[in-house]
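Next up is one chain by itself, shown in structure tokens, the form predicted on its own.
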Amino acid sequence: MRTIWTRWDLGILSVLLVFIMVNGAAAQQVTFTKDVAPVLQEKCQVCHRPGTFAPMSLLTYEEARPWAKAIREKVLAREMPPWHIDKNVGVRHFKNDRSLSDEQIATIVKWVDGGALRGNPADMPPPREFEDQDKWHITPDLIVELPKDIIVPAKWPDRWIDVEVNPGLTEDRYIQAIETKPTKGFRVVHHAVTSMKHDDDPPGDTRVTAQGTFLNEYALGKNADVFPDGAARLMKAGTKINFNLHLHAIGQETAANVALGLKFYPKGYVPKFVEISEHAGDQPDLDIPANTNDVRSEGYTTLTKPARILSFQPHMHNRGKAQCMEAIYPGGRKVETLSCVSNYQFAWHLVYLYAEDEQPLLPAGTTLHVVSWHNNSASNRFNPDPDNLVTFGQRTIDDMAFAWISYYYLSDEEYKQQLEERKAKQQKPTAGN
């Protein structure tokens, strides 16, 4: 565990930096209308508003003021907004970073410590306009929905249901962006995985399961997957879509439905790279003893060709505590930590999209080493029963240990070229140097 403690130490230093910024800031008064409302609009209100799953709305001073101390606690601990990757380790910049900056945290802390004042109403920014709940985060060319709603009773054990839908695709098309989301009953849809099934799926391909080839996943905290320029995923004519739904009851009968939105490249477009999303470092032989913390497990996936890694998403269940992914270069000549989440939260399935200039470029034969830690003790407030042995399984009360990764393969020539371009960019002097 020494590696993880080191990263937590870095997190503590980050918190201390915030305190220094708060205490050393100029003595000007921090108010809601002038200073805090813009931060909430940018980073918090997308969830904290009426009609979403968040427990309270933070659109106005009247709504936010009763929660001031709780807001302070959550942002200072970096629990909110949810962004749990350690930016002091491995890849440090992300396309979809939703976290608060040190300055933004310092502003909120100083506002609360100063009495959580309203300020001048004239300083209040115009209300933020939000997308309607029925709108997508992409503009789909094709929407595939379940043919009928699934009724989830008020009391019901967790269920996993497969529904196959034929979208009627009559020609091959390359996907540019994709999104899966509930259109009804989002509170009962724990997650939904979409897959492509085709009669020509190659037998023996490990990426093809009983549900087909993985396409996309919905879980709390996820939006659309937009592929990088030049990368795409092929959907063949005649492809069927399999929806694998994890449904759970919420105490009232609820109708649920899920849709898949697809944005295609123009007809005739052929991408340079084909993006792949799949598990890395699966550990199916989990054995997490009762009343035990810091249970470590490991899994390995070897890249058969040079690859460019685009994203990382840890996956565990309620006992999940931390997960790191590192690259072991061929022959063990080098070991590089790519990403760590040292405060894993099962409620948030976050995909961390690596910034373009930091997407790992890895040679053929590199092994992705995924290390996971679980906490099956009473100190884990999300643990439903610390007295039970926990093993691998699909249910929430079981557990898992793997990482979702997205990547595309490169030829040897493309790998060398991209590596040289990366090195040249890193050596280029910045303005002022």
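Superpose the two forms; the largest set of C-alphas matching within 1.5 Å is the rigid core. From 1 onward, residues are counted along the sequence shown. Predicted, not measured: the structure shown is a model, and the values here were computed from it.
Unshown form predicted in complex with ligand HEC; subsequent notes refer to it.
Only one segment in the set 363-371, 42-50, 383-391, 397-405 has any non-hydrogen atom within 4.5 angstroms of ligand HEC in the model of the complex, and it is 42-50. Heavy atoms of residue 56 reach within 4.5 Å of ligand HEC in the model of the complex, making it an interface residue.
Contact between residue 340 and ligand HEC in the model of the complex is not found at the 4.5 Å heavy atom cutoff. Taking the partner from elsewhere, residue 98 is found to have a heavy atom lying within 4.5 Å of ligand HEC in the model of the complex. For residue 81, a non-hydrogen atom is located within 4.5 Å of ligand HEC in the model of the complex, even though that partner is not displayed. Residue-level contacts in the model of the complex: of 231, 245, 71, 256, one residue has a heavy atom within 4.5 Å of ligand HEC, and it is 71. Shown without its partner, this chain lists 190, 181, 305, 263 as candidates; in the model of the complex, only 190 has a non-hydrogen atom within 4.5 angstroms of ligand HEC. Superposition of the core reveals a Cα shift of less than 2 Å for residue 346 between the shown form and the other one. Once both forms are overlaid on the rigid core, the distance between the two CA positions of residue 189 between the shown form and the other one is 2 angstroms or more.
With a cut-off of 2 Å and the rigid core superposed, residue 158 has a Cα displacement that reaches or exceeds the cut-off between the shown form and the other one. Annotation for the pair residue 190/residue 99: C-alpha atoms approach each other in the model of the complex, by 3 Å or more compared with this form. Three angstroms is the minimum change: in the model of the complex, the CA atoms of residue 188 and residue 316 sit farther apart than in this structure, by 3 Å or more.
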